[in-house]
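The chain below stands alone and is given as structure tokens, in the form predicted on its own.
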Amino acid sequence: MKKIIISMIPLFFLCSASMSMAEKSDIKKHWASAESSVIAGDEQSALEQLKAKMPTYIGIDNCKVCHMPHFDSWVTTRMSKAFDLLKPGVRTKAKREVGLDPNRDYTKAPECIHCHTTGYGKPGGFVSVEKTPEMIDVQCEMCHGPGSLYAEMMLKKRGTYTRNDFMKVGGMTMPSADNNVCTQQCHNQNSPFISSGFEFKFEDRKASGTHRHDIKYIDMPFDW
């Protein structure tokens, strides 16, 4: 008999950035519970069910529950403050040099918020500051893909899904020099700050402008 997951993204995604040992213990218990929340007898596998779904954006408050060290590193970067650059009076010299009005409010300009928010115009993504303030800035999902299916799959990771499953079914993306989502999405000629001779050096940017890559997940009841 085949088993399928019936638990969706859990409530522990609402946890704050600072978690006590007791809170981490509660999370482990929740994961153990979610992992055992299965039913038998369905003809479709869990993977087949996931293939029928569209991944949606869930925001960094959900991502940081399992990726706290990466979040702590990310908040020190310019990406975590990307939306502020669109405000009047911010980065005035640079804006003047490329012909932009430094006194204009660009926080509602589609051509700008596309690259200064997360998931703009896509399911679950940024709509406006009033409606989706939690989706401002260049968050995890701008580089790694919408996280809803990835998060659901992680509920029953323990040997169930391969890395290829996360990539092909879960919608996960791992940027690289050969898969440079940075230039594909934003760091290209559509930006007024990119000149014709601009060269995006992926490894240099990865080392200085994103988040640390030598850190692991918080303690979870499975191995990555």
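This is a predicted model, so every value here is computed, not measured. For every residue, the number given is its place in the sequence shown, counted from 1.
Keep in mind that the form predicted in complex with a small molecule is missing from the display, and what follows is about it.
Put simply, Ala94 is close to the small molecule in the model of the complex: some heavy atom of it is within 4.5 Å. Heavy atoms of Glu134 never reach within 4.5 Å of the small molecule in the model of the complex, leaving it off the interface. Looking at Val169, you'd find every heavy atom of it more than 4.5 angstroms from the small molecule in the model of the complex.
The small molecule in the model of the complex is not approached by Lys201, whose heavy atoms all lie more than 4.5 angstroms from it. Against the small molecule in the model of the complex, the set His67, Trp74 and His187 is in full contact: each member has a heavy atom within 4.5 Å.
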